[in-house]
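What follows is one chain in structure tokens, specifically the form predicted alone.
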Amino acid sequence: MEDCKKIWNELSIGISNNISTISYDMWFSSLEPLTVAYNKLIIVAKLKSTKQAIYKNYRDLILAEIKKLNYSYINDFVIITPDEISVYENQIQEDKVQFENDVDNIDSKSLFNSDFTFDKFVVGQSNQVVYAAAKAIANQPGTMHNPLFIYGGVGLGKTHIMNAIGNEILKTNKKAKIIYCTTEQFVNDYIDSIKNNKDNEQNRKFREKYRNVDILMIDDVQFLAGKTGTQEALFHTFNDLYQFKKQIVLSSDRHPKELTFLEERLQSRFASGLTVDISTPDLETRIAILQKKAFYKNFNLPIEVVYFIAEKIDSNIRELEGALQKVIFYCQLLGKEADNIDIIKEALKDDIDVTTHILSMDTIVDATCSYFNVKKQDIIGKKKLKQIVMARQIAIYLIYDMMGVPLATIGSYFGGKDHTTIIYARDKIEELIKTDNLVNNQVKDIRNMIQKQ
């Protein structure tokens, strides 16, 4: 146990040096080491959600820090919840093979993250094709789009869509045999199978594990670089599964044609089915993602705050979710609502540039009022003078176009106008921009004023 605590203390230092204090306090401060068994550090998390979040966001970091520690008898970790402790303690007393098999069984209960479903996957222009393909194979695995090869940058939703496929299949077929693993796990299993060339039993177990399945999903196949033996094993595994119409799903950070370090025959297999990409989500999709995530967390985010976060964090979904989690934690810590941009800026000060202009409905209306030389109370009120009506309609159009604010929210801002009035104003200006040079120039001028602030 002392060795276990020592390892965890050293590991914690390495982890804390690579993430923010808030993230460490949120996810790691409550963890406790249990023991070391069969090359794995067993860690206890009080909540299943903590376990899932760490597996999802920090697995690679933890494995990298374990490697740095250079303990020859530990190369992996397992997180369990308190209700699983007795299972592990009993199994540690049994023989090694049975223990590792049972560990696999326990982990398989949470093989797929229950939060990663199709219902919670926000569909936009950047991912609608991969969503449709994933839904199709989840409904009829092995009959179409085989293999499905998903590629895209870090944090864009590849892991979510693969988990969604698994969750959907298990929902209709609880007996489906599915393996979902990282390339690193596949490589490690292959290495274990060849440690002793005379141990045919280990080789047999490896083949049975990966070929006796209905669906095989492997994440991050770009990490096969330089691993010739593993590529050979995957090639034969692929052929065997494909021959028997078993579904194969692969993910990578690049298109199969760019995986030039792979054997040509394996590269060809990867590209033989349907290849789809996930690109960086546009602003509207990022807004929808934040709203949906906040809804499921039962956390209220005003549209101005949603827009602010979505505008500032445009790299990937993972960072967007991390920002939302940090905002929620920060607001709960202070006992405040997330309705003040200054609070949001403080919560995210380590993640975003907070010095630039914040776009809001007030900003757009103020710029429009300044341009037309009208008063704000008139433009959001009921006055019907021609110049005020035109200014009001342009402001409505710009709010919708630049911020994607729901029609009902815009109507409420403009004195409780119903959505049909807002639609009329938006559509009228949209048409005038095409046919009236004066209106077109006015909209451009106001937009430039807003963007330069």
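All residue numbers are counted from 1 along the displayed sequence. Bear in mind that the values here come from a model prediction, so they are computed numbers and not experimental data.
Missing here is the form predicted in complex with a small molecule; even so, the following discussion is about that form.
A.B. asks: Taking heavy atoms and a 4.5 Å cut-off, does residue 330 contact the small molecule in the model of the complex?
C.D. replies: Looking in the model of the complex, residue contacts with the small molecule do not include residue 330, since no heavy atom lies within 4.5 Å.
A.B. asks: My question is simply whether residue 273 lines the interface with the small molecule in the model of the complex - judged by any non-hydrogen atom within 4.5 Å.
C.D. replies: Contact check for residue 273: no, nothing within 4.5 Å of the small molecule in the model of the complex.
A.B. asks: Is there a non-hydrogen atom of residue 165 within 4.5 angstroms of a non-hydrogen atom of the small molecule in the model of the complex?
C.D. replies: Heavy-atom contact with the small molecule at 4.5 Å: absent for residue 165.
A.B. asks: Is there a heavy atom of residue 326 lying 4.5 Å or less from a heavy atom of the small molecule in the model of the complex?
C.D. replies: Contact with the small molecule, no.
A.B. asks: At 4.5 Å by heavy atoms, is each residue in 19, 57 and 68 next to the small molecule in the model of the complex?
C.D. replies: None of them does, since no heavy atom lies within 4.5 Å of the partner.
A.B. asks: Please determine, with the chain shown alone, which of 187 to 195, 121 to 129, 228 to 236, 261 to 269 has non-hydrogen atoms within 4.5 Å of the small molecule in the model of the complex.
C.D. replies: In the other structure, the partner sits against 121 to 129.
A.B. asks: Considering 74, 289, 306, 224, which brings a non-hydrogen atom within 4.5 Å of the small molecule in the model of the complex?
C.D. replies: The residue in contact is 289.
A.B. asks: Counting any non-hydrogen atom inside 4.5 Å, which residue from 145, 211, 246, 318 sits next to the small molecule in the model of the complex?
C.D. replies: It is 318 that has a heavy atom within 4.5 Å of the partner.
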